[in-house]
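Starting off, we have a lone chain in the form predicted alone, written out as structure tokens.
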Amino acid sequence: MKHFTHLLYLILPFLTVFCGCEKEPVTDRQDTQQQVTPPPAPPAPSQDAKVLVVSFSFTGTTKSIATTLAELSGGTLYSIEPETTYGSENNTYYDQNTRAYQEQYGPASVRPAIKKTLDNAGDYDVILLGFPIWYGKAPRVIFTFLDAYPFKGKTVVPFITSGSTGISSAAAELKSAYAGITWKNGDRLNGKTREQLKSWLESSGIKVK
């Protein structure tokens, strides 16, 4: 009996440690590891979405692309028209006397007046929004257009024409100014063939007719 008691004293600490490990809560281990869940991607437009193809064009290049996109998607074509047309003098880049320069480098609140002729704007599900890049940004008439029509909650896909500048800065400014819109990644489309424009539409989740 004495030997048994002595043996029990020897193994008792090991039993205590073993039992203590069994009781360790699993949730404590899980809580020490931060589970990072990436934000969900914006939903793709429905293949039956009603499409509006909008463009502001200064030289005609952007409007030509918009016309092709409307033909391919079966969308409604619409042109943004300023109340006062931009004259050819605005082609003189970095001339501080031109209207375009003063608007682009003026206060962010500048909103040149446009002709508001778009009917039933709220009926469209997807808006393809095209414009030339002016001084690295979207022309201010684009902001006037987005202020004028109820596109909150709609999907807007921007596209641009530019000699060399990409879309990233212009797109970031628009996303920041109109956070209620579901923005999809856009692209620079001048120089693309009809087949390339078709592929771009399909990559944006837009059904080609």
Ligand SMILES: Cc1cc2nc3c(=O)[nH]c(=O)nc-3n(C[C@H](O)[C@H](O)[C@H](O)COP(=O)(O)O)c2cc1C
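Fair warning: this is a prediction, and the values are worked out from it, not measured in the lab. Start at 1 and count along the sequence shown; that's the residue number.
Omitted from view is the form predicted in complex with the ligand, to which the following refers.
- Query: Is every one of Val51, Thr155 and Asn185 in contact with the ligand in the model of the complex, taking contact as a heavy atom within 4.5 Å?
  - Reply: Not one of the three qualifies.
- Find out whether any non-hydrogen atom of Gly136 is located within 4.5 angstroms of the ligand in the model of the complex, and reply yes or no. Yes.
- Query: How about Leu72: is it within 4.5 Å of the ligand in the model of the complex, going by heavy atoms?
  - Reply: No, Leu72 stays farther than 4.5 Å from the ligand in the model of the complex.
- Query: Would Ser169 show up as a contact with the ligand in the model of the complex if we use heavy atoms at 4.5 Å?
  - Reply: Contact check for Ser169: no, nothing within 4.5 Å of the ligand in the model of the complex.
- in the model of the complex, does Asn190 have a heavy atom within 4.5 Å of the ligand? Yes, Asn190 lies within 4.5 Å of the ligand in the model of the complex.
- Item | Residues of 72 to 98 having any heavy atom within 4.5 Å of the ligand in the model of the complex, listed in sequence order | Going through 72 to 98 in order - heavy atoms within 4.5 Å of the ligand in the model of the complex - the hits are Asn90, Asn91, Tyr93.
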